[in-house]
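First, one chain by itself in structure tokens, the form predicted on its own.
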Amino acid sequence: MSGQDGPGLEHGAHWRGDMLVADSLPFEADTGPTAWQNALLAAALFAVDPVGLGGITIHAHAGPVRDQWQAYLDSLWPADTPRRLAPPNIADDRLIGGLDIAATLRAGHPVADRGLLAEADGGFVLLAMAERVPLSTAARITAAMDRGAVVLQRDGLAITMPTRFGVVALDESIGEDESPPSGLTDRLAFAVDLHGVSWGEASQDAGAPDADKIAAARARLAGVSVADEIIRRLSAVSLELGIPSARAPFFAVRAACAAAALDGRDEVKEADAVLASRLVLAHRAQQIPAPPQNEESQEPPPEPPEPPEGQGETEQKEAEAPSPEDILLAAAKAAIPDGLLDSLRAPNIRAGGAAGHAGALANAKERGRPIGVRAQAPRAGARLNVIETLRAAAPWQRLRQSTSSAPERRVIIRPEDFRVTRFKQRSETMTIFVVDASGSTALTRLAEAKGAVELLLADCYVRRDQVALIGFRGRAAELLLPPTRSLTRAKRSLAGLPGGGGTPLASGLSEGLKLAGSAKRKGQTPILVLLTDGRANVALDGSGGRQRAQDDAQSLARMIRAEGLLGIVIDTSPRAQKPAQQLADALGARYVPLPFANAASVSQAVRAVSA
């Protein structure tokens, strides 16, 4: 479409510039939807049907714009609506409930304490810093959303507490390696990005629906009907966009029903489906819809008979009018950011990761993220959890008081009551470059590896990373840079590295395996990065022979795969080589052809794999 306003459509929508807008909903007919107006519409639709739509993910940092949006959302709900703020590190007993220690000690029998999810019944949960929510917490929230109840089975309790609530997830993530758990966001119909919204835009009266309209829409929602044809179209558009979740078309239908109720109607129209397609389906798109077939390559249709005067123009207009599916698809495509479309067109090195390093989570005794408690006597290296210890002892106090030789003691703690806190923390990451330094291109490859090492080390202080470099040429491999996180040491060691000679690939893999094994024994997470074309000609024992050298390399690669090591093979040959792909397959590693690799692209590929 051009940048001018297009003609109106009989489906209740019209073109404005490159945007398809609905005629009968707030904002749409006058100015076209902006990010801020989309955010207000999502808040209004969520307030109409909080349980059916699940909730909203808000991508924004703390600030006046987000505060303004939250104030608008709060204004749409009755004053007595439960609103519960859940921090990312919320404990299980606060989230799903548990034993009320004080009441249990007073009563002498287990007394349950309602958790936050049960308290939010009829309202919504505001999930702060959703990108830091542990998977276990997200699983408990989504289980309660799916069941419509919290099932509490702990501390000697077995209770089911009905609850129906929505979730507003505040996503403050910075890099692409941070994001709320996908299992949670999949259950939230909307995702709104406020990063590009200015305070001047957010502070204006945008004419969004108020609390009275929301209340009327809630009362009308149960009577709204939707035609099967609209459900089919929304499902078809979801498939066109490659959305894998079956919840997406379901949410789109619910959003269309909420939009119709908000507009005072009892039947869903095309304009409601347009809005639902834009707000629910666009941000879930996984692929670009296939372009229409090139008509020039097809056989031209036979010449039609000459129509009566005046009939031809009418039929031409009908033929040029977009189909209902095209309208919904155009609405979704118009809401997809250009950058996202570009990234979908480009080869994807690794979905969901582009920057940053993260070592594997490992158990720790005293430091890291608390992940629960276990029954264990407190000893060296363990941290006693006093609250959980009291929780374990509380139900037995009346019985123990009656049998104790010292009944004057207010609380009797026995060894089996002790609970210690379990921790997990991310281990250090060691990136091991194994570089083919043979042949005429050796100096170029080494220069790329050296540049990538320096880039990765530049910010290793905040990621607890180490980097090592192994070069293989001539008859064997050599450790050129021992594991280090010192940029100065790396630069000094990497200066003037030699190159040329045969390709002892198996020896390089063997040295890499040894170094990775040493890193694992230290509790680190090793990552192997191979820069090679995969064409070995020196066997593991230093003898010549291409076939034996390839066999040895394949055997070492399978051993590395059996160790479960992360890896990446960067093919630096001018054209993608089959031996390098076979090596990556044997390693179970990602294959990245970078014929014109430079330090930045190598570093980016490594970060994508290790994120």
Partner chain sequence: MAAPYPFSAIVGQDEMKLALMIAAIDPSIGGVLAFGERGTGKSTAVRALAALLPPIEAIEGCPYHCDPAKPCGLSEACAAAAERGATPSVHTISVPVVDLPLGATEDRIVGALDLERALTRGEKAFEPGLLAYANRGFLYIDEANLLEDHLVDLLLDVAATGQNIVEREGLSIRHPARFVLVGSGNPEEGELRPQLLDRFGLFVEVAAPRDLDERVQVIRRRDAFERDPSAFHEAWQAEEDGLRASIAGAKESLNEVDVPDEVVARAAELCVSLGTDGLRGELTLIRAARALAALEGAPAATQDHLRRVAPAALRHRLRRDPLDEAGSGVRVDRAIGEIFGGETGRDAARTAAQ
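If you superpose the two forms and keep the largest set of C-alpha atoms that fall within 1.5 Å, you have the rigid core. Positions refer to the first chain, counted from 1. Computed from a predicted structure; not experimentally measured.
What comes next is about the form predicted in complex with the partner chain, which is not displayed.
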- Find the only residue in V467, L279, C257, V167 having a heavy atom within 4.5 Å of the partner chain in the predicted complex. C257
- Task: Answer with one of T503, T532, S507, S238: the residue that has a non-hydrogen atom within 4.5 Å of the partner chain in the predicted complex.
- Result: S238
- Output flag, D92, D228 and S245 jointly within 4.5 Å of the partner chain in the predicted complex, heavy atom basis: yes
- Message: Test of understanding: in the predicted complex, would A394 fall inside 4.5 Å of the partner chain by heavy atoms?
- Response: yes
- Item | Contact test in the predicted complex: E428 vs the partner chain, heavy atoms, 4.5 Å | no
- Item | 4.5 Å heavy atom contact, E511 to the partner chain in the predicted complex | no
- in the predicted complex, T160 touching the partner chain (heavy atom, 4.5 Å): yes
- Per contact check vs the partner chain in the predicted complex (non-hydrogen atom within 4.5 angstroms), the hit among 75 to 83, 148 to 156, 209 to 217, 513 to 521 is 148 to 156
- Query: Is L481 one of the residues whose Cα moves 2 Å or more between the shown form and the other one, with the core superposed?
  - Reply: yes
- Using the form shown as baseline, tell whether R485 and R132 are closer or farther in Cα-Cα distance in the predicted complex, where the change reaches 3 Å or more. closer
